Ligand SMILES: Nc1ncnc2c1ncn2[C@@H]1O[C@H](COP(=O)(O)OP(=O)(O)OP(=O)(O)O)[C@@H](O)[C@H]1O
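Coming up is one lone chain in structure tokens, specifically the form predicted alone.
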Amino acid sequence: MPVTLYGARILKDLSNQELRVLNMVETLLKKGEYAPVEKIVSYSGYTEKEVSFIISKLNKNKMVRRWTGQFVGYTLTYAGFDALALNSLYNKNIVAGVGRAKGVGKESDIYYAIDFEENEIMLKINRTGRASFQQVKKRRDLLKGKFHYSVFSLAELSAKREFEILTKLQDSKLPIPKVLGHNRHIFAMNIIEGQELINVQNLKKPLKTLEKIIKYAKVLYNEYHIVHADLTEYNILYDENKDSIAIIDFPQAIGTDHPDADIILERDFAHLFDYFRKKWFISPEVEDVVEYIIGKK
């Protein structure tokens, strides 16, 4: 299985010392924008000469990025962050290898992988913050009291939130991914069949499919007190062979106790119905459906 994820490709060649220094850089980024070299020396327990040699190699392999200002410091790259997470998932016997990319989006990448029993699984790698530095700043409230602000800490918190929501839903019969493990900004899950609804040209029974989505949202709202908050044609997968759907991408999900929960639910379905109207000529009343979901009808 060809490896296309750079962090996974480099990981197999990293020594324990290099992983330790990489981990020290990550730890220090929770206190500042860059990790000072003298702090890396202090935290790692290696000599200044050893750290200089190791960090230079990590920099050459694009695991870290050097910064020079009032001091010399380093920050992680996405590849370095990927390597740390994948190393932990490997040590937990969750992910044995990484394969080809399935899809690359603005806020996440999906890769095929294998577990230790040689079953094919999938990895979701959160990339929150990649698309726009300013958009990350707007979501800085996620980081309060937990991390120094960085795209890495935001990606980790977003992935953790989604993993926790999916874990909560594992015992349900809802059409969602089965999660297998999590570390930092990456979590492993089972293979999800189907293609994004936006790319489906032959939807056998559009009205029936829409009814499934509405019933799904009703169960999610009333039994698990969750609003998906991004229920679009991009986050609904359709399996033509089984005529079934699966719902993905939960990082923006909110509780029904959120003050804007019902407004966000209505926004979700207004957008979704607009899509169904344009492509499948189906146009239910948004208000009636929302009242049905929340239990007013």
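The numbering used is simple: start at 1 and walk along the sequence shown. Since the structure is predicted, the reported quantities are computational estimates derived from the model, not experimental observations.
Below: the form predicted in complex with the named molecule, not depicted.
Partner contact region in the model of the complex: 101-109, out of 76-84, 101-109, 167-175, 216-224, criterion any non-hydrogen atom within 4.5 Å of the named molecule. Of the listed positions (I192, I114, L180, V151), a single one reaches within 4.5 angstroms of the named molecule by any non-hydrogen atom in the model of the complex, namely I192. Interface residue among M122, L157, L203, V72, judged by heavy atoms within 4.5 Å of the named molecule in the model of the complex: M122. Remark: N235 counts among the residues lining the named molecule in the model of the complex, judged by a heavy atom distance of 4.5 Å or less.
Although the partner is absent here, D262 lies well away from the named molecule in the model of the complex, with no heavy atom inside 4.5 Å. In the model of the complex, A253 stays away from the named molecule, with no heavy atom inside 4.5 Å.
In the model of the complex, the named molecule sits beyond 4.5 Å of every heavy atom of E266.
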